[in-house]
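The data below hold one chain only, encoded as C-alpha cells and taken in the form predicted alone.
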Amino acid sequence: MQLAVNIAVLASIYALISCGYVLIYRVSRVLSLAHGELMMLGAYGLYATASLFSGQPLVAVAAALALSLLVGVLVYVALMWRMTGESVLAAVLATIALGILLRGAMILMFGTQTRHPLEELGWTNASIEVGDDARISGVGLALVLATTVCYGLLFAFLRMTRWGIRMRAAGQNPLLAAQRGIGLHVIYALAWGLATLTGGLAGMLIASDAGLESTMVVIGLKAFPAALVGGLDSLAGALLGSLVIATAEVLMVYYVDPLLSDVVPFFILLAMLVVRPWGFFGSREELDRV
C-alpha cells in the first residue's frame, strides 16, 4: 500500500509539472527548457510572499500563484514574443538561456541554503494514515488533489470555454486562427501564464514538503520525459507518461538501487524515442523527429 501511495505522489508531481510543457508546446510548438527554473521561481515566490504577508498564509499563497501567472505572461511578452516566426531552434535556445539566467538570479538573491516555506506560512506537514500500513504527508495529499483539480480545470477550459477553444485552434492551425481574428500573441501569452502557474504550484508544494533549494530544478527536468513519453501535445498523455515514469522510478528505488532513480526517466525516454517517438498520445506527423 505504501508503494502505491509513493507512486501516486510522485506521479502527481510529474503530471503537475509536465502539463506546463504540454500547454506551451501544444499551443506554440516551443519546447520550454526553462520550465524547471520557472517552477523553482514559483517556490521562491511563495517563500517571499510568506515572509511579506506574515500571519496571512492564504493571502501569501494567492499572491504567489498570481505572481507565477504574471511571470509566465511577462516571459512571453519580454522574450518569447520576439521568437514568434523564428526557427524552433532559436526559441528553444532562448528558453535555455532564460533558465540559466533565472537560476543564477535566484542563487544570488536567496543563496544556496535550504528554505522552508511551510514554516514561514505557519503550517505543519501532518502525516496521514492511508489504510492499515501506509501513510502520506499532508502536502503529498495536497499534491494529489491539486493535480486532479488542475487537470480537471484544464480539460474543461480547453473544451468548454471560448478562450480554451481559441487556444486549441491556435495550436492546430495558427495561420487559419489568425485569419479568423484570433490574436495569437494573446493566446501564446495565456498559454505561458497557465504553464508557469501550474509549474509554480508544483514548485510551491514540493518546497513545502521537502524544502526549497536550488537543486529543485532537477525535478522539473525529470518531468520532461514524462511529457514526451505521453505525447508533447496531449494532456492525457502527460498523465499516463507521469504514471509510467513514477512507477518505474519508485520500483527502482524499492527493489534495485535508489542511486539509479534519476536515470530511470531518461532511460524510458530513450526507449520511447526508439520505439514510438511521438509518445503514447502525441501527433505522429508532427513529432516524428522529436
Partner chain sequence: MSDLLLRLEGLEVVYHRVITAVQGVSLDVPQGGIVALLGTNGAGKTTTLRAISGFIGLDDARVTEGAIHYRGERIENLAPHRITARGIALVPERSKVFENLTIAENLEAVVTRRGANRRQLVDSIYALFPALARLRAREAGYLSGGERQMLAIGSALACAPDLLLVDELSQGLAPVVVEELMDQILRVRVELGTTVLLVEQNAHIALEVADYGYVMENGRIVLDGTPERLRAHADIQEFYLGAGGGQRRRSYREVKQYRRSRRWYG
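Remember, predicted model here, so these are calculated numbers, not experimental data. Positions refer to the first chain, counted from 1.
Note that the form predicted together with its partner chain isn't included here; everything after this is about it.
- Contact with its partner chain, judged by heavy atoms within 4.5 Å in the predicted complex, is confined among 131 to 139, 156 to 164, 194 to 202, 68 to 76 to 156 to 164.
- The putative spot formed by A169, Q172 and G181 is fully lined by its partner chain in the predicted complex; each residue has a non-hydrogen atom within 4.5 angstroms of it.
- Between its partner chain and the residues C150, I219, I206, A177, the one pair within 4.5 Å by heavy atoms in the predicted complex involves A177.
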